[in-house]
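Starting off, we have a lone chain in the form predicted on its own, written out as C-alpha cells.
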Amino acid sequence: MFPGEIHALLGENGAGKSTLVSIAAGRLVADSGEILRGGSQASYRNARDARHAGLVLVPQHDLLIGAASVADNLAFLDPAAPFFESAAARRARVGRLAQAFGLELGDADARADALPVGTRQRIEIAGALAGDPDVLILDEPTAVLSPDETAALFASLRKRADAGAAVVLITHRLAEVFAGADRLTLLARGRSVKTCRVSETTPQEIGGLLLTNTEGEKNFLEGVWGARALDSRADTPGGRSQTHSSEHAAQSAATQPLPSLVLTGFAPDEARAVRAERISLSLLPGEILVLLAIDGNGADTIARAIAGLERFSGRVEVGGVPLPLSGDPLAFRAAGGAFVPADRREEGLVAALSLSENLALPNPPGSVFLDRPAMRAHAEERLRAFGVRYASPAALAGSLSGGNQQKTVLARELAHRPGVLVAVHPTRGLDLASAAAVRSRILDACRSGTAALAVTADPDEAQLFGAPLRVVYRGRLSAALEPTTPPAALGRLMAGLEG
C-alpha cells in the first residue's frame, strides 16, 4: 500500500481480510511477521495507539458506545475534540461532519443503540474521516449506504488519496473497485492470490478468481438460475404481480390461498415521529416483496415491528393469526414467522454460544435434557448446506467471520420452512457467490410456499431478487415497482427527490 492510492482488498468470506486489517490497526496481535510504516517497523498495543499514529480502521461492525448519543460518539472518535466541550459544540460537530462527507448521521441527541445499523456505520465512517488519518482502512463501508452516500464517500476517499493519504477498502462490490480503486489484492484462505493495478485486470478476471477460490461456485450458479427464474412471473386475474412461477403463487383467484402476511392500517409506534403513512398490504404463500430504503427511513423498523420487536398500531396477521400490538417475537415465531435482523452480532447470534447451540435456539431437541448429538448433526447439515466455513460445530459463533455469521443466521431461520420470512440486509457482507447463494435459498423457500419480505439499501441487490419492490422514504412506501426499474430512478426515490 502506497501513499496517494486507494487499495481494494478482496476475497471470499473467511479469507482473512478483516483479521489482516485488525492486526494492522492494533485490534489483534499477529502470530508472526511485521508491520512496516514508511519503511520502519511499527507496532501498536491497541487501536488507540494506531489512531494516534495516524492509522484508523472503520470496522465492519461498529464499536460505538450504545448508551452514548451520536454527538458524544463522534466526539470520542474525533482526536481533535477538546477534553471539555459544550453540548452545543458537540451537536454542531454532527451537522458539520454530515455536511462535509455527505452522510446522514441522524439526531445528534439520539442514543447509538437506538439507531439502525446503517446510521451507526455512517457515524463510524464520519468519525474516522474527521481525524484526517494518514492511513484509512474501511471494512465493508458501503454495505448499507445509499448510492448517493457511496458516491460521496468515494469522492472524499479520492480527495484524501490525492492529498497523499493511503486508503484500504474491503468490499465485495466489484463495480466499486473498478470505479474508484487504484490497485487491488485478492486473498484466499489467508494468502495473497493476486496483486495488481486495477487498470491491468478486468471485473471478469477478478470475478472468476473469486469464484475459483470459494466453495460456493455451485451455489452461485444456482443463485443466478434462481434469480432468472423469477422473470417468468405473471399476473393473476386479480392483478397481483407474481414473484415467480411456484404452484403456490400461480393459483387462480378461485382457489387462491389465504395470505401468509397481512398488514392492515399498520404503522410502527416509532414511525409516529415522522408521521409515516399507515400500511395495508398482503403477501400470499410463495410471494416476495422487497423494501428498498436508506437506513433510518423506516424500512428496518417496519420489519422489526412485524417480527414482534417493536410496538405497532393497526393489525398484523401471520398465517391468519393476529399478533399483539405490544410486540411479541415469540408470538411471531409461533405463528410461523422467521426473522433475519440487520445486526447479526447483537441480535442474530449469541456470540458466546457454540454454532450447534445457536442453530438449535428456535427448537432445541430433547425433552428433559438437550440431545447434544442431534444438535451437532443438525448443525453440520445446516452449516454444510449454506457453505459456512467453520472449524467445528462446537466453535463459538463469535469466532466466525461476519459473512459466515450471516450465513449461519440464515441457515437457522430457513431450517423449518417458515410461513413468513422477514429478512433485513440478508446479504450484507457476503462475497459474490455467497450473496447469490443466499438469494437462491430465499427464493427456494418461496417456491416451497414461504412468503418473504426482504429489506435492503442496495438498488442492485433489490433488483437481483427479481421481485416487486417498494421504496421507503421517511416511513412512506412508494407504489409497487418492477425489478427492472432503472437504478437511477430508484436512487431518486430513495433520496426523496421523486414522489
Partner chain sequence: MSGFLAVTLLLAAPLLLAAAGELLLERAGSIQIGLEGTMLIGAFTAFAAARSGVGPHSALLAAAFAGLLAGAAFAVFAVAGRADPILVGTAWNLVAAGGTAFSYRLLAGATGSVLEVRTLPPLAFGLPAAVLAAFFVPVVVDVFLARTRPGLALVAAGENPLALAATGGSVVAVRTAASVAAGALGALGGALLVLTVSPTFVEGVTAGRGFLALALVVFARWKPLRLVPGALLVAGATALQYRLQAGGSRIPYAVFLALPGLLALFALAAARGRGGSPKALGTPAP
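Positions refer to the first chain, counted from 1. All values derive from a computational prediction rather than experimental measurement. Here the rigid core means the biggest group of C-alpha atoms that line up within 1.5 Å when the two forms are laid on top of each other.
The following text describes the form predicted together with the partner chain, which does not appear among the structures shown.
Visitor: Heavy atom to heavy atom, is P79 within 4.5 Å of the partner chain in the predicted bound form?
Guide: Close contact exists here: in the predicted bound form, P79 approaches the partner chain to within 4.5 Å, heavy atoms only.
Visitor: Spell out, yes or no, whether the shortest heavy atom distance between A47 and the partner chain in the predicted bound form is within 4.5 Å.
Guide: Although the partner chain is absent here, A47 would touch it in the predicted bound form, with heavy atoms inside 4.5 Å.
Visitor: Indicate whether the partner chain has at least one heavy atom within 4.5 Å of a heavy atom of P59 in the predicted bound form.
Guide: Answer yes; at least one heavy atom of P59 falls within 4.5 Å of the partner chain in the predicted bound form.
Visitor: My question is simply whether L145 lines the interface with the partner chain in the predicted bound form - judged by any non-hydrogen atom within 4.5 Å.
Guide: No.
Visitor: Choose one stretch from 84-92, 192-200, 280-288, 164-172: the one whose residues place a heavy atom within 4.5 angstroms of the partner chain in the predicted bound form.
Guide: This holds for exactly one stretch, 84-92.
Visitor: Exactly one of E381, E205, D132, D113 has a non-hydrogen atom within 4.5 Å of the partner chain in the predicted bound form; which residue is it?
Guide: After the contact test, the surviving option is D113.
Visitor: Which one, A445, V472, L64, A436, lies within 4.5 Å of the partner chain in the predicted bound form by heavy atoms?
Guide: In short, L64.
Visitor: Residues R27, R51 and A75 are flagged as a possible site; in the predicted bound form, is every one of them within 4.5 Å of the partner chain by some non-hydrogen atom?
Guide: Every residue of the spot touches the partner chain in the predicted bound form.
Visitor: With both forms fit on the core, is the shift of the CA atom of V321 between the shown form and the other one 2 Å or larger?
Guide: Stays below the 2 Å threshold, so no.
Visitor: Taking 2 Å as the cut-off, check whether the CA of S448 shifts that much or more between the shown form and the other one after a rigid core fit.
Guide: No, S448 moves less than 2 Å.
Visitor: Would the C-alpha of G466 be classed as shifted by 2 Å or more between the shown form and the other one after rigid-core alignment?
Guide: No, its C-alpha moves less than 2 Å.
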